[in-house]
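One chain comes next, on its own, written as structure tokens: the form predicted alone.
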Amino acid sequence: MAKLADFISNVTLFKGLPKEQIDKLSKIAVVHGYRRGEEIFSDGERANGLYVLFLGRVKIFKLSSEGKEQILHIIEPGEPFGEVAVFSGKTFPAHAEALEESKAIFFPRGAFVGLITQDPYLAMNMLAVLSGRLKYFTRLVEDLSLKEVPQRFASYLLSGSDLKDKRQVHLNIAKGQLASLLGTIPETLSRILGKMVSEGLITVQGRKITVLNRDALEGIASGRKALI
């Protein structure tokens, strides 16, 4: 319980809450384990609470009527997901699936809403998280509708570069999943990777990508430069 409380207190959603509130959250929390590829919830399923990822990685995605997958977000440890359920109490708007062996902390909607009414600080944290998600999805819609795939991939590389070494990008998902996140197919992504390598913009070693020409990538991301 102490380990769980320590983790919860460091989650962005709950930062700044007094110890008594963290203890209350710990008491209503339920930890679920998931195997790689296991579904956590499905699009249209009744939403009865929210999750915070404790361990592993989870993809949030939609499926078209033809079965094409569009990844919306990759959830990392400490991130909440399914949070819309807290306010709507209706259905989940997308699918959630474990990308690897994972654990998630589940907070039942009724008990969680009760805590929000007791502490406005928690409500403010919740609004901040939802605002951040809204900005992210607004940018995602803009990228998918207005930008070509090379622009999206260049932006992904620039935003995903290591904080200590701006040249290094470590892909934490398979290339097929990355293609889905970028709204394309693996074959197209492979061609773009090949072109960037041949033009001397990047090198690729497994899941490690080294950026050789950041200025050129910025030009592609902004649309000022075309990938030949």
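These numbers come from a predicted model, not from an experiment. The first residue of the shown sequence is 1; numbering continues from there.
Keep in mind the form predicted in complex with the DNA is missing from the figure; the text below concerns it.
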| item | value |
| --- | --- |
| In the predicted bound form, the one of Arg167, His32, Lys62, Arg191 near the DNA [non-hydrogen atom within 4.5 angstroms] | Arg191 |
| The unique member of Gly37, Gly200, Gly44, Gly176 whose heavy atoms fall within 4.5 Å of the DNA in the predicted bound form | Gly176 |
| Non-hydrogen atom contact Thr184 with the DNA in the predicted bound form at 4.5 angstroms | yes |
| Interface membership of Pro80, the DNA in the predicted bound form, 4.5 Å heavy atom rule | no |
| Val149: touches the DNA in the predicted bound form, heavy atom cutoff 4.5 angstroms | yes |
| Contact label in the predicted bound form: Lys27 to the DNA, heavy atom within 4.5 Å | no |
| Interface segment, criterion being heavy atoms within 4.5 Å of the DNA in the predicted bound form, picked from 87-95, 149-157, 116-124, 102-110 | 149-157 |
| Any residue of 47-67 that, in the predicted bound form, places a heavy atom within 4.5 Å of the DNA | none |
